[in-house]
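Just the one chain here, the form predicted alone, laid out as structure tokens.
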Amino acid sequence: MAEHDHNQRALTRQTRLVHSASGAGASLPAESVAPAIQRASTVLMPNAASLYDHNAPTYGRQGLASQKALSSAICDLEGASFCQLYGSGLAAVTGALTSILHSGDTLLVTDGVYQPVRRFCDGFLTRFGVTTLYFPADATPQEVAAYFTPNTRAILLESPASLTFEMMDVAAVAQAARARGVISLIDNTYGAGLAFRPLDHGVDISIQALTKYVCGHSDVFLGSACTNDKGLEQQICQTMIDAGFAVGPDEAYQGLRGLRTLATRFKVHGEAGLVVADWMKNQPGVANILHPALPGCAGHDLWKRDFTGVCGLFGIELQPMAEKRVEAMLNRLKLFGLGFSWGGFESLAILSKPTRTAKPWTGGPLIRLHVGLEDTDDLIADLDQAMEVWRD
């Protein structure tokens, strides 16, 4: 009886991630805990008629064992029926956008969007007749609604915002968009599908840079776009076919490897980030901590309502000081590397330079920290010695 009850119990997402995409049941010489890697461009078909049967892969670019396994696992993570893999997080955003936009359309974008996405919108999309309008990253749903026009085709969100970490009422904005026939997309890399599942909140397409927390080791590029809408699924698939995008089997395998430990790593990153952020808020030279999961910070109420976890990324607004002094502090860091990206095992720091057009940044200099898997006492000691340049 006990065994029967155990078998009927639904597994948690953490357990499903650990056991996702094993080699069990595959046509292999031996059963393994990892899926097979098929390195192939040509796919041999059983007969002539099946050469043009598009219900099954007919060419390696469409994805074989490891790509299919990763797609399935990401669907489980995001609560989606469909997942398209891309060669990077940026490619996932641009691939999803080009799947749904046409010349003459207007795209609404949060002012806090990832900078390379802004570059794509202002350059590539402009050349093809798409107009991009930016709205403040902390706009209320009512304020966002004022930006809709008859030509608005889609709206792209990122919450918390890139670099400045403003929170948005995603569910309310998605609802307003749907009421107007506007497609909603969100960059969900911060939430990673663990802390936040946008599709559950009414968003049409959830996008991730799998490069970051899912892969988790700073050694592979991957992205994903997930949806539960069959029409959007067909559009995304068609764009992939037409553009010739593809994800290699080894990259997909690395994504699967990282996915198995995502829940464990994510929790450690988040807890450590809160410890470091809490220490930073009382340090000389610090004006404000930009960390919505930290009580007292801007956006905390929305984060507490919508999120079930937190990652290790946050911002630090400094009191007015020369950029050279900020750079001097960064140059003294020994454990925090100076580099872009985040979500890997290592701690990183950058001097943030947010581009804002709807609501320009008027605060002091910004530092973005990603807290890795090192001991927090060591990280705090590193920051403490580096900030000596502000205490002189």
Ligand SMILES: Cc1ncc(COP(=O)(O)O)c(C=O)c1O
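Position 1 is the first residue in the sequence shown; the rest follow in order. Remember, predicted model here, so these are calculated numbers, not experimental data.
Although not depicted, the form predicted together with the named molecule is the subject of the following passage.
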query: Listed residue that, although the named molecule is not shown, lies within 4.5 Å of it in the model of the complex (heavy atoms), from 110, 211, 206, 84; finding: 211
query: Option touching the named molecule, based on a heavy atom within 4.5 Å in the model of the complex, out of 233, 158, 166, 251; finding: 158
query: Segment that reaches the named molecule in the model of the complex - one of 219-227, 171-179, 70-78, 269-277, heavy atoms within 4.5 Å; finding: 219-227
query: Touches the named molecule in the model of the complex: residue 342 (any heavy atom, 4.5 Å); finding: yes
query: Proximity of residue 114 to the named molecule in the model of the complex, heavy atoms at 4.5 Å; finding: yes
query: 4.5 Å heavy atom contact, residue 88 to the named molecule in the model of the complex; finding: yes
query: Those residues of 166-196 which, in the model of the complex, come within 4.5 Å of the named molecule by heavy atom; finding: 187, 189
